[in-house]
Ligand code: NAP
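Okay, so here's just one chain, in C-alpha cells, the form predicted on its own.
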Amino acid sequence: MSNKTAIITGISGQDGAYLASLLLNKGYAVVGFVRSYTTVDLKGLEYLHIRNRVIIEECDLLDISQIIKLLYQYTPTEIYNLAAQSSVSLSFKQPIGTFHFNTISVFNLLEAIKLVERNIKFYQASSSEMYGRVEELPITEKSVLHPVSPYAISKAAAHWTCIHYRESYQLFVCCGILFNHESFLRNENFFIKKVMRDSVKIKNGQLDRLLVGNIDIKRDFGYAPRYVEGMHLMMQSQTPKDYILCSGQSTSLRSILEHVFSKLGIDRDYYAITAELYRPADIDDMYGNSSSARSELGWDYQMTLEEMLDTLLTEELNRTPILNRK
C-alpha cells in the first residue's frame, strides 16, 4: 500500500468523489480543498461512504498564501486540480468570473508548487471543449484548439499555463483532456443527469414535461468512475504528458433522451424543445481518440454508451423509492 498524500481541489464534484475513493483504496491520505466550509456540499463523499476518511480544508484558490500554507502543512506528493466553474452554459452568463477563477487558480497552484516543493506532481483537469470547432475528427492531443465558449477559452488558457510551467520549470504537470463523462453524482445542470432525474419524475407523475435545448448535437460520453482511473495513471507515468480520455464515439443528445424514455416506457410527447436552452454558440459533433492513453498508460475503457446509460438509470431508480414500489 502507498503512503502518499494527495490533495484534490474540487472534491465536492463527481470526479473529486470518485477520485478520492480510488486513491483511498490505493492507500493514499486524501485532503480535499473546498472554497467554504459553510456552503460546501459533500454528498458525493457521503454517497460513496468515504466522508470520514477524507480531510477537508478550506482554501481559496485565488489566494496563493492559503495554498502555500497548506502545502507546507500536508507535504503532498500529488495534487489533482479539479476545481473550476465547469458549466458551459453558465459561462456565457458569467464569462469574466469563469475566466478569472479557471485561470488564476491554476497559476496560483503551480506557482505555489514552484515555491514550496518542485517534486509535487500536478494534474490539471483540461477539457475536450477546448478544441471546439475542429476540422477533422476524431480529436487527438495534436488537434488545433478553437474554443467556442467562455468556459472553453478559460480551460485552454489554463491548459497552456500548465504546459508553460512544465517546459519552463521542469515541473511534473500533466493535463487530462476528458470528454463528457457521467455518473449518478453528476451535477443536475448537465444534460444526462437532467434527463435521468426528470424522466424518473415524469414516470412518477411528479413532472409534466422535460424541457431541452438543441438535442441534435453529438458528443462523446463515458463513465466517470473509469475516467478517474486514467487521471491516476497519468500521475504514475515516468514523463508528464497530456492525454485524451474518451470513448471514441459520438452520440446525439436526442438518441440518449429517447433511450432513457424507452427504458422507462415514457412516450416521446413528454419532452419539448425550447429556444431558451440553446447556447449562443455550439459544436455540432465531437469525439476523440484515446489511443495514447490506452497504449502508453494502459487505460482500459470498454463500456458502451448503452451500458453506461443503463447503469446510471438503475442507480437513479434505486435512489427513488416511490418508483420502486410501483
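Owing to the predicted nature of the structure, the values given are computational and were not obtained by experimental measurement. The first residue of the shown sequence is 1; numbering continues from there.
Same protein, other form: the form predicted in complex with the named molecule, not shown, and the subject of what follows.
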item: Location of the named molecule contact in the predicted complex, chosen stretch of 131-139, 192-200, 150-158, 209-217 [non-hydrogen atom, 4.5 Å]; value: 150-158
item: Close approach of Arg166 to the named molecule in the predicted complex, 4.5 Å, heavy atom; value: no
item: Interface membership of Lys121, the named molecule in the predicted complex, 4.5 Å heavy atom rule; value: no
item: Any non-hydrogen atom of Leu110 within 4.5 angstroms of the named molecule in the predicted complex; value: no
item: Contact label in the predicted complex: His232 to the named molecule, heavy atom within 4.5 Å; value: no
item: Answer option from Thr77, Asn187, Thr251, Ser237, heavy atom within 4.5 Å of the named molecule in the predicted complex; value: Asn187
item: In the predicted complex, residues of 61-94 near the named molecule [heavy atom within 4.5 Å]; value: Leu82, Ala83, Ala84, Gln85, Ser86
